[in-house]
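To begin, one chain is listed below as structure tokens, in the form predicted on its own.
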Amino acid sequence: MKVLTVGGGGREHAAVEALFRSGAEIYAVMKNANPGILARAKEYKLISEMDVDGICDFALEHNIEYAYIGPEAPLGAGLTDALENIGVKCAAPTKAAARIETSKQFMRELVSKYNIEGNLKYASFENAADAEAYLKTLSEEIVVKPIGLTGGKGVKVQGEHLHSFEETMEYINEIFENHVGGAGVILEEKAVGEEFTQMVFVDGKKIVPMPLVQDHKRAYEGDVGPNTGGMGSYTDANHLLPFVNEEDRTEALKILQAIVDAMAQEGCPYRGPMYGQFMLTAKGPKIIEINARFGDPEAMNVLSILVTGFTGLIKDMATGKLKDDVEFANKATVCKYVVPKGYGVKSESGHKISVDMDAIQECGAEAYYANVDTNADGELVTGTSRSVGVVGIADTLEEAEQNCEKALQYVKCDAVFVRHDIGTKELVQRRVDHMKQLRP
């Protein structure tokens, strides 16, 4: 089966490896020369992932049957719609369905309209003056988000990033002045608890769950520093998390199914992977955001242990024939991203980086190339975003974390850093203790 893949990051490399394992003939388009994807692709083209016409021409040239689109920006630009218009079936949402991510306002209003559980109090604004007037009426802490896409880096939380009314207004003014996210601001109730990710495969009507994952957005160890696209993540061998029980997970899945049902009702059925970001609070799971794709890094955790053929899943999602028997290995995984110095503030780029894939696999781990490229001398160099994701895999979380750490020594570069605390016993226990305080 010929599959077009769009995107050149770690999430896309993990998807390409899963497609390759399950027999797909891969045709890749991406803006950077990701060596992991290049090694698996029968043909490839280096172009912008927003070049809808160029991608469609490439698909027609190679008689592509199915497509997997990794990043969110091309979804917002209508790439799925354009590909389906030329006969390519997509395991990815249309522009209308991708609004569940591309407009935080659309998501909150949909959840509100259909009385779906887990919503947070919110208000959206098209100018700073109205936002300021609303802010003056509040006594509780809030979260400030640009309504549109910001690559996972636009969210600021009072009490963590914003420490006064003045700082909050400064950020709101910055969003409007710089058109951050392009479409206004949304102020949301601050949910207190522990975040978890529940991703699902969706075929327009049905959802099939993936293992739970916990991502780590803050740049530095101890959960401090600026928000990033994600520094790393982990899954447990039982596909839950040490602080999330089966009941909590069932509630999260009910919310996601209700969202999929609502979108079908709205005339924009959702197909493809969907990512539900939840805060587990004293009152159960609350919706932080819904994304129209796999998470990154979370995709690397789950696709590394996917037993069912991903090629078949792409076909089933695209054609509305998803089955319940999707299997993942009962393994724990810990992913830690190697990122360029300055990542989260102002990244350094263009530094030589080397990855010994064979040695990493001998450690019980996998590595996925992300924002790396080849320079004029043919050397692999870092870009401005995350460089390489390393995923340790084992029977227990503790062993998976150790395998990840062993493997990290085989990624060599003078200008990178890693959050080494991700998946450690100490950090996981802090999450467990926090939830015990909230739900004694």
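Just count from 1 along the sequence shown to find any residue number. Bear in mind that the values here come from a model prediction, so they are computed numbers and not experimental data.
Omitted here: the form predicted together with adenosine monophosphate (AMP). The next part is about that form.
Engineer: Looking at D81, E251, E266, E195 here, can you tell me which has any non-hydrogen atom within 4.5 angstroms of adenosine monophosphate (AMP) in the model of the complex?
Structural biologist: Checked against the cut-off, the match is E195.
Engineer: Could you tell me which one of D316, D261, E189, E221 places a heavy atom within 4.5 Å of adenosine monophosphate (AMP) in the model of the complex?
Structural biologist: So the residue touching adenosine monophosphate (AMP) in the model of the complex, by this definition, is E189.
Engineer: Can you confirm whether A67, R271 and L322, the three residues that make up this candidate site, all sit within 4.5 Å of adenosine monophosphate (AMP) in the model of the complex, judged by heavy atoms?
Structural biologist: No, none of A67, R271 and L322 comes within 4.5 Å of adenosine monophosphate (AMP) in the model of the complex.
Engineer: Hey, in the model of the complex, does K217 get a heavy atom within 4.5 angstroms of adenosine monophosphate (AMP)?
Structural biologist: Residue-level check for K217: yes, a contact with adenosine monophosphate (AMP).
Engineer: Classify N227 as contacting or not contacting adenosine monophosphate (AMP) in the model of the complex by the rule of any non-hydrogen atom within 4.5 angstroms, answering yes or no.
Structural biologist: Flag for N227 set to yes.
Engineer: Quick check on A123: any heavy atom within 4.5 Å of adenosine monophosphate (AMP) in the model of the complex?
Structural biologist: Looking in the model of the complex, residue contacts with adenosine monophosphate (AMP) do not include A123, since no heavy atom lies within 4.5 Å.
Engineer: If you check in the model of the complex, is Q277 within 4.5 Å of adenosine monophosphate (AMP), heavy atoms only?
Structural biologist: So Q277 counts as contacting adenosine monophosphate (AMP).
Engineer: Please identify, from 175-183, 142-150, 359-367, 234-242, the stretch that has a heavy atom within 4.5 Å of adenosine monophosphate (AMP) in the model of the complex.
Structural biologist: Every other range fails; the passing one is 142-150.
Engineer: Is any part of 359-381 within 4.5 angstroms of adenosine monophosphate (AMP) in the model of the complex by a non-hydrogen atom, and which residues would that be?
Structural biologist: Sequence-ordered list is empty.
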